[in-house]
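First comes one chain, alone, set out as C-alpha cells in the form predicted on its own.
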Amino acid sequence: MSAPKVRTAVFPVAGLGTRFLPATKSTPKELLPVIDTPLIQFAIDEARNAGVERMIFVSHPSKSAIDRYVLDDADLRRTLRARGKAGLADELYEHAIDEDNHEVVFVMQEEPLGLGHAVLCAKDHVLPGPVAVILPDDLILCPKGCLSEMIEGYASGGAGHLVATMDVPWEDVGSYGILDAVSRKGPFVRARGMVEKPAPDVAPSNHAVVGRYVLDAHIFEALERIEPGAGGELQLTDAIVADMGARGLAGFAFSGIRFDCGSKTGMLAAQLHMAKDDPAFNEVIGDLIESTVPPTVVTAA
C-alpha cells in the first residue's frame, strides 16, 4: 500500500520561550541558533525534504521576526550583492522558503492555550490528507530526516496517528508522554494509549513521545471535542488518545539523535554535538577538554 500523501506541516511557534529569558524577550526561541543555524531552519529543511507542500506557522503577534526569517528578503539580498557578498546572499535565498515551490501560511495564536489549540488554529488552512506537526525546539538529526522516515512508513504503521518515539531511561519517563505499548515490529510500536508524565513505578513503557507527529485529518474534530486538560490548555495528547479508538495509534522509533532545545542543557548538548563534528572547532574543543582535565601529579620515588 502506498503511503497517503502528507501535504501539510504545522509548526507551533507561538510559545514565549520562558526557559530562555531574557534572551527570548526580543528573539523568538525558534530563532536561537545551533552554532549558526536557527532551530526553525532545521525544521523547515526537514519538512521540505519530506515533500511537504504547505507550511503553516502558528505564531504570535509579538514574534514577527519569524515571518521575516522564514520568507525571502530580496532587498537584503540585493544589498549584500552590492557589497560584494554574493555567496552570503545565495545562502540566505537557499534557507528561505521559496513561495513558488511551497505555500506559506501564518496563523496567530493570540493566547497560550496549549499545543492542541495551536494545531487547531491551523485547521482551516491544511490541505486534504494527513497532517504533520513539527516542534522546532525538538531538534532531531537523521540522515534522511525524521519526518521523511515517518511519512515513508506511515501506511505500513497500521495506525492513523503516528508519533515519534524514543526509548528513554526509566528514571526519565516522568518528563514525557509515554506510550502504553502493545507490540513492537521494526520501528513501529503499536499502542493502546498514552500516559502523560507517569512515575517510573507505574509507567507502562519507556517509549517516550517527542516532537514529530503524522496525524489523520480527523485530529481536528477530536481537538474540537475534547475539554481543556492539564493547565487549562487543550492538549494534543488528549485528542490523539480520544481519537485512537477510531484511527489507531503507533509510535515510530526514528533512526537519529534528538536534542530537547527547549531546555538549556539540551541546547548546549546540541551545540557541542554540532561543534565536535566540524573541523573548524577542533581547536576550541581541544582547548576545552584540556582545561577540564586535572593536571597529572608526579610524586618523587
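Just so it is clear, the model here is predicted, and its values are computed rather than measured. Just count from 1 along the sequence shown to find any residue number.
Not pictured, yet referred to below: the form predicted together with a small molecule.
Which one of L135, A164, M194, I140 is close to the small molecule in the predicted bound form, taking close to mean a heavy atom within 4.5 Å? Selected option: L135.
Going by heavy atom distances of 4.5 angstroms or less, which of G129, G174, P112, P204 would be at the interface with the small molecule in the predicted bound form? Checked against the cut-off, the match is P112.
Heavy atoms within 4.5 Å of the small molecule in the predicted bound form: which stretch in 249-257, 236-244, 41-49, 56-64 meets that? Heavy-atom contact with the partner occurs in 56-64.
Whether L288 contacts the small molecule in the predicted bound form should be assessed with a 4.5 Å heavy atom distance threshold; does it? No, L288 sits far enough from the small molecule in the predicted bound form that none of its heavy atoms falls within 4.5 Å.
Is there a heavy atom of A118 lying 4.5 Å or less from a heavy atom of the small molecule in the predicted bound form? Yes, contact at 4.5 Å.
In the predicted bound form, does V284 come within 4.5 Å of the small molecule, counting heavy atoms only? Result no; V284 lies far from the small molecule in the predicted bound form.
Quick one: does T18 come within 4.5 Å of the small molecule in the predicted bound form, counting heavy atoms only? So T18 counts as contacting the small molecule.
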